[in-house]
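Just one chain is shown here, as structure tokens, and it is the form predicted on its own.
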């Protein structure tokens, strides 16, 4: 989950590295550092803390360097555990993202040979192993070292006597930016947008040599290969705050456009997936975190529209479940396309003989090479660690997929499909109406910011929205929150309700509405403050201490609107508490370790 950047070219390398690290800080912010080849030596500056606090004075301007922003795995956040690392002779420096499974045995062997280690990390052994293997040919020694590593890694290394970056990737993302008289490498494309939109995506097992003039790539069989250059459709402005105080707020407000872009060209002519090729009699959704909550919403959407039974699995658990004889059509969700547990789950689904589809936001990401079909959301870059556009655009894609599957299975008429599509067309404007009302939502968060525990409850399709609302509050406000099906409170959680325990209830006029009214009444009878989000209703007005009524929408489409309200609620609650909203403690954006 760490962020890596490397540069070879004529620009001020210190400036390029710092700019790239700032773009990648959402991947980890426990510590940061740079290594720059300068006057036939390697200059290193690194420290625990945020990038903005680290770099004092001028950095060397030479034309080759690497940088790293860390999310701690092996070794606590500390100066000594910050990257980059040097070998014993300070000839070689490396940065690493991932986990080296066999680092203990390698470290023991290197220690016996006289190598001295300065950190608690698994990463440092890479620099020393390159040193041990070095015979005058830097690339050759790097390749030999990489073949000895077990685990996940994206590695970039430099040598004080070489003008090249050497890099390797296995199960951790790494992309190369192709410039004019300069080339770059990074964990993620936003770090490259200031310099190029032309990207080569490395594949697992790839090793590359990068100079300011050329890029060479070898695959896992050590065969020289050509990876296709892709053109990003993101702009630099997409990765900037654009006047908003936080990326999260900017991305919440970008959702009407993200919905529009994800629908664009697909409502009248959906060509992303041809369901007629598949015999779909059941569907399973597999994902982590916010994406898993989108999958839970998708279950209700598919069972309603496509009339097909669905299950939802958490990626990290699916990999270790027993394989059954059934092979459901399997849909994976990953914003980055690099979530290690989800990529591994896709491999497992293939082994089980499932037809597979990935829904992701990142072109040519790892998961796209593990599945039969890919559909891209059009959310643009999402920098804030707490996912917002991710959930919204994934659910939009689920509506489209359910409609197409329903048509393919003959359980949905064309008229019904057009009615659903008409509702989708209205969602951007309805989300804008909620965003325009942000100040009213903000005012309702004062009491929430004073709470230590908050419950979220919903029924039917909005139960997963309750889960997502609770997750957002935990992530950025650091308030303990839990989501429940509303009918389940009396099976235990009622014991925790007091007048100091707010409950946010999601209520729309579906088949569960009367039962939901009863549940809210039960909560109010325990003197817990009730915050209602949902359809306008006289009874809800009587029961609720605070209320926010969403624009009129069929219940099936209410999760999009309900969730935007909960995103703003979490944001303004965290804002009142002066939390570091874009960089919540202990978290990082793209989870590329197990």
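Positions refer to the first chain, counted from 1. Just so we're clear, the structure is a prediction, and the values are computed from it rather than from any experiment.
Just so you know, the form predicted in complex with a small molecule exists too; it's not on screen, but the next bit is about it.
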query: Interface residue in the model of the complex among 392, 262, 123, 336, criterion: non-hydrogen atom within 4.5 angstroms of the small molecule; finding: 336
query: Selected contact from 166, 387, 379, 397, since only one has a non-hydrogen atom within 4.5 angstroms of the small molecule in the model of the complex; finding: 387
query: Residue 288: touches the small molecule in the model of the complex, heavy atom cutoff 4.5 angstroms; finding: yes
query: Proximity of residue 472 to the small molecule in the model of the complex, heavy atoms at 4.5 Å; finding: yes
query: Stretch in contact, per heavy atom within 4.5 angstroms of the small molecule in the model of the complex, of 496-504, 178-186, 464-472, 517-525; finding: 464-472
